[in-house]
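Presented as structure tokens, the chain that follows is alone, the form predicted on its own.
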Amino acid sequence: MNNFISASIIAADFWNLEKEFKELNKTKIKLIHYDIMDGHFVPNITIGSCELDSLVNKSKIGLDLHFMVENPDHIVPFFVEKYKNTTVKNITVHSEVCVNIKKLSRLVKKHGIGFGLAINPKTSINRIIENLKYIDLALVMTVEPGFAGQSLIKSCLTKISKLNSYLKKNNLDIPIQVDGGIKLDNISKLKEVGSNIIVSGTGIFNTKNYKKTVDEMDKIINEDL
């Protein structure tokens, strides 16, 4: 399985999003991570469908929608219908609040979009393991969701390692995505425990040269693969 970098757009300069996307297009970024927060499941409110309307299909990079909302069963179907056949490649919801994971997974996949399941730092990795047959991607949050710029919670590395071992033991080809506090100085730790899709926000957007930063990150996570 190839490892790659995903850029979390929440950390970008929203005054200059067109410029930010042009810079990202020059990098090895494979996905744009798009956080949708409702102010209920997490203590923050971010971007929604209005902003997504302006971004979808404007970049060669696919979009990965991460729903940090308390009612994904009701909200996600709207987004699926609206953005099917676009550059939206994946939709991830949180296990803590999704009522019917099987049903929502079926709906999302029916429209040709990948379905991911996420857990917060305090949630057991077993929540993902017991739902592996429904998902295309497993997201382990490495910070408390809600705000960019936090420090990585090191205890999450153990959960990632446990999930990686389970996937290998059962010959399951499901990528592990990690998100939160990831920068050049700690990305190797995420690679070592089995992470495949590395989401970075300020770790990219707070640097002067996105291409150089992403190249260095990509080299670290794909070394010896």
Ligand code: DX5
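Owing to the predicted nature of the structure, the values given are computational and were not obtained by experimental measurement. A residue's number is simply how far along the shown sequence it sits, counting from 1.
One more form of this protein exists, namely the form predicted together with the named molecule; it is left out here, but the text below deals with it.
Judged against the named molecule in the predicted bound form with a 4.5 angstroms heavy atom cut-off, the residues Met68, Gly146 and Asp179 are in contact without exception.
In the predicted bound form, at least one heavy atom of Thr202 sits within 4.5 Å of the named molecule.
Among residues of the shown chain, Met141 is one whose heavy atoms approach the named molecule to within 4.5 Å in the predicted bound form. Residue contact check for Ile10: one or more of its heavy atoms lie within 4.5 Å of the named molecule in the predicted bound form.
A residue is said to contact a partner when one of its heavy atoms sits within 4.5 Å of a partner heavy atom; Met37 meets this definition for the named molecule in the predicted bound form. The stretch among 23 to 31, 159 to 167, 193 to 201, 48 to 56 whose residues place heavy atoms within 4.5 Å of the named molecule in the predicted bound form is 193 to 201. This chain appears without its partner; in the predicted bound form, the one residue of Asn131, Thr123, Thr87, Gln150 with a heavy atom within 4.5 Å of the named molecule is Gln150.
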